[in-house]
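What follows is a pair of forms of the same protein chain, given separately as structure tokens and numbered structure 1 and structure 2.
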Structure 1
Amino acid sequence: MSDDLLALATRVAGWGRDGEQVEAFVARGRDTEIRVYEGGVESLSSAESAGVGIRVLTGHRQGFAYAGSLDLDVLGETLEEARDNAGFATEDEYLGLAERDGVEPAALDLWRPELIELPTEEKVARALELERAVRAGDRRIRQVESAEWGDATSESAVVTNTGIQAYSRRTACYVSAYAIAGDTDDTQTGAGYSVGRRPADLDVQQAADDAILRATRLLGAVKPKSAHLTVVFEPRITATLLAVLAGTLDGESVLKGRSLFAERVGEDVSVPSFTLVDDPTDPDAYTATNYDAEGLATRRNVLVNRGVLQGFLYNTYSGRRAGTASTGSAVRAGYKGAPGTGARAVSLVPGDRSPEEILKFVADGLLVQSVSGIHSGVNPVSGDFSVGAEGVLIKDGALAGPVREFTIASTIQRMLAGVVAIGNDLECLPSSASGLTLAISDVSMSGQ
């Protein structure tokens, strides 16, 4: 429970010497993954982890060390190692631990004990049920490559001798399937999933239907003719794009000259219907949390409001370098790393059109089902955008022939300016971004 993690973190922070700032980040978690194949369990793994990351600041030097143990002797040794590392560090006038900023944490309840109490047999049964549902859902399904159950619990406490004391915990679970569909001369694949915080949140049939649709919809796909057209991104793809966009609105990236939006605060960067927020306080967001990785309360940060760039995301360090305050946006990849800056729960404010209405509005264009090479194909400095894609052509407002082996290209700047429709189908996904249907005009499709 929270008391023991907070007590440990408080104890470590209290070992600080005069003139030292000490931060203790203590974390504990458990992950389970079950994979079934052809009616049997192919693999089952369950792993527990616990550890501490300690930062020590002396003057303008910072040292960091971590250990995969919560033993008191180990904690003491780790603190000494962080002290030693600080002695070899380069001085930096902006270094310093977070301090209370008066923002109250959101009252979030993200912990579901029924997930912890669920027997392993029930988890296996859910995965097997999913495999059967995919096999029975369509005669064109040739194989279920995998059907999985996964769950995770995580707890963390952050305490500093500068007055920070924070604790957060969450549970999450999912079922997912990867299907292979085929006809006489073609095979295609598709994945489907359902996510939640407790077993009752999961919809096995929805995950199966999603995998079946994505696999069968692309059967007979051909390479399209090159064209400039309006593209409609499904929620999964929109979420991927928003995560990339959020990376360019990271204060660290801006300070390092790795963002195309530097010096553009207050300018129009998109259309008036486009409002982008990062809101970890939304309980429906898969990555919701009440505290950031430095122990500050998370908050709803509006990045783009009605098309106008409002600002960037900062942790304590990047905020000081930029001459501003933290936006409660410190992130870290567990106890083994020091905090950086990043988005946690990015989403667009939904529009008023359903996906079907957007297809009719677009009339002729392309529905994008999947993309590849998103990280290598997007330049955060120039904004150049070019990725591989698969999808279905839109004719007369309805889905027509499936297409594959082509690229879609534009720039982030043109895409933001070319938003023509935003869906009302906001979907929380297992990532740092939520998705919805999004239509963008004048995108280049390079095929044959």
Structure 2
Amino acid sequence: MSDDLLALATRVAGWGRDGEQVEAFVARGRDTEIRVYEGGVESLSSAESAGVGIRVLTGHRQGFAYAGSLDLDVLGETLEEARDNAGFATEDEYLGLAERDGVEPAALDLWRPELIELPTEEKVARALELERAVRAGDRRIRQVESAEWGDATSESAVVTNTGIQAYSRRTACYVSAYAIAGDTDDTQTGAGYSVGRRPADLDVQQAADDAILRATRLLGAVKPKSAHLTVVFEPRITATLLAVLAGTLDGESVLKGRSLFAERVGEDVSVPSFTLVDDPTDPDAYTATNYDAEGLATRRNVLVNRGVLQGFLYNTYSGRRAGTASTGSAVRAGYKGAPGTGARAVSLVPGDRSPEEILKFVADGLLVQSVSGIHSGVNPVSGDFSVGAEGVLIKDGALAGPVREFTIASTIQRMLAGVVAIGNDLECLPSSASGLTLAISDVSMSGQ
């Protein structure tokens, strides 16, 4: 299966002229998405897509072009376009394609043929089963806005005329539901999902229970009084926070004077129990991969060790410019983008407390179950952090009243320093970060 994509990429890379570096990234994917509603199929989409992104470097200038096709004549035109574009970029001595660095790729098997063989009827059945489970699970559920099955298979190859040759492929599937609880005077919503690489990984009942719990536990929620308090993030929220944090540890932002951690390597940025790693070679991580977007082997990078900032993530360009090397952290948004730098599988080293023990330890505070407005309320340059939230107040170590329509705010720097408990409940999530329960002191809650 890998042969044709690698062969195609190799062919394109071979079109490079003397003195030219050429990189071909070819990708192909197949997706199915099934939505059910009120016991029937609302929509079923199945699609195959393929495309190419080509980088050409001439005299330390870079050009890029992409096309949503793998036809040979289109590949030729795309290369010409990238070559032409290179002429308009600024010369930069650090620019250059990746070269083999001796790091062997992790032996990851992320492909599950049983997903590909699963008949459509079975997928529809799972989605219908989920919808039924949400409706039947609690009499306060009045509606299931959507119940969904989704799956994807994706393959990609990166080949350069500088010696890079990489191929990776993966399968993924999920079920998800969005539950609505209550009556018209008091309506609340909750999402639940389960993800995996093959159908047997999915737990439909757990997805249903999650959606039901989240929607029903908010019934009767009120707008809280403004306060400064300790917040406990559920694993999903922690994952969101870690993904934002990882974005500030990107070596390119540091080089360009856009990271609030630029001058802080070797300093304490958090508490001693806080160790943060980015490890795409972990087979349990949803976003695991053996190669990065430039075709270098991925590796385990420790970003923060016992509260001390260790360093940043680099791709080939930013690594060279920083006087170091790539950390295998090139990422790209499909074939339509040239590689940037980023984390793929960030995770905190778990602590020793269970979520219940953390609630008892915190005693009085707020459990956060959802946040909104991450893109509008978090400034990764200044560190300002302000998001809408929903959750449940914690009183005397137990969950008390549900609350909504408020914000929680601090700065990324203060939140890291304010970590007071890290849970033992590490959970892989469909995100570039894993989650666990995390408690942070002295956060502003703005309500009434």
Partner chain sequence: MLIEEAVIEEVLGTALTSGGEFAEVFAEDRRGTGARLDDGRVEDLASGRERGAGIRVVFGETTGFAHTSDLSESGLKAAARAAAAAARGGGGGVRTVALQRVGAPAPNDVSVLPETVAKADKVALLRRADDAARRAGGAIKQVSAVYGDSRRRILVANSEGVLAGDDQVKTRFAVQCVVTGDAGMQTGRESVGATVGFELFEQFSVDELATAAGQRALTKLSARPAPSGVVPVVIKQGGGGVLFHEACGHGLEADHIAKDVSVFKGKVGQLVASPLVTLVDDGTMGGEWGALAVDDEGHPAGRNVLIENGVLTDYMWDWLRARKEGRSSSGNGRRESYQHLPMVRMTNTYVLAGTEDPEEIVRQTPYGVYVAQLGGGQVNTTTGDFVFGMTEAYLIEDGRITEPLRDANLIGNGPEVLRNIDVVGNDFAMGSPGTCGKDGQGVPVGDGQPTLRVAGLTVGGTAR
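Everything quoted here is computed from the prediction, not taken from an experiment. Rigid core: the largest C-alpha set superposing within 1.5 Å between the two forms. Residue numbering: structure 1 sequence, from 1.
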Choose between structure 1 and structure 2: indicate the form predicted on its own.
1
Is residue 163 one of the residues whose Cα moves 2 Å or more between structure 1 and structure 2, with the core superposed?
no
Note yes or no: does the Cα of residue 265 move by 2 Å or more between structure 1 and structure 2 after the core is superposed?
no
Using a superposition on the rigid core, decide whether the Cα position of residue 277 changes by 2 angstroms or more between structure 1 and structure 2.
no
Cα shift of residue 87 between structure 1 and structure 2 after core superposition, in Å?
2.4
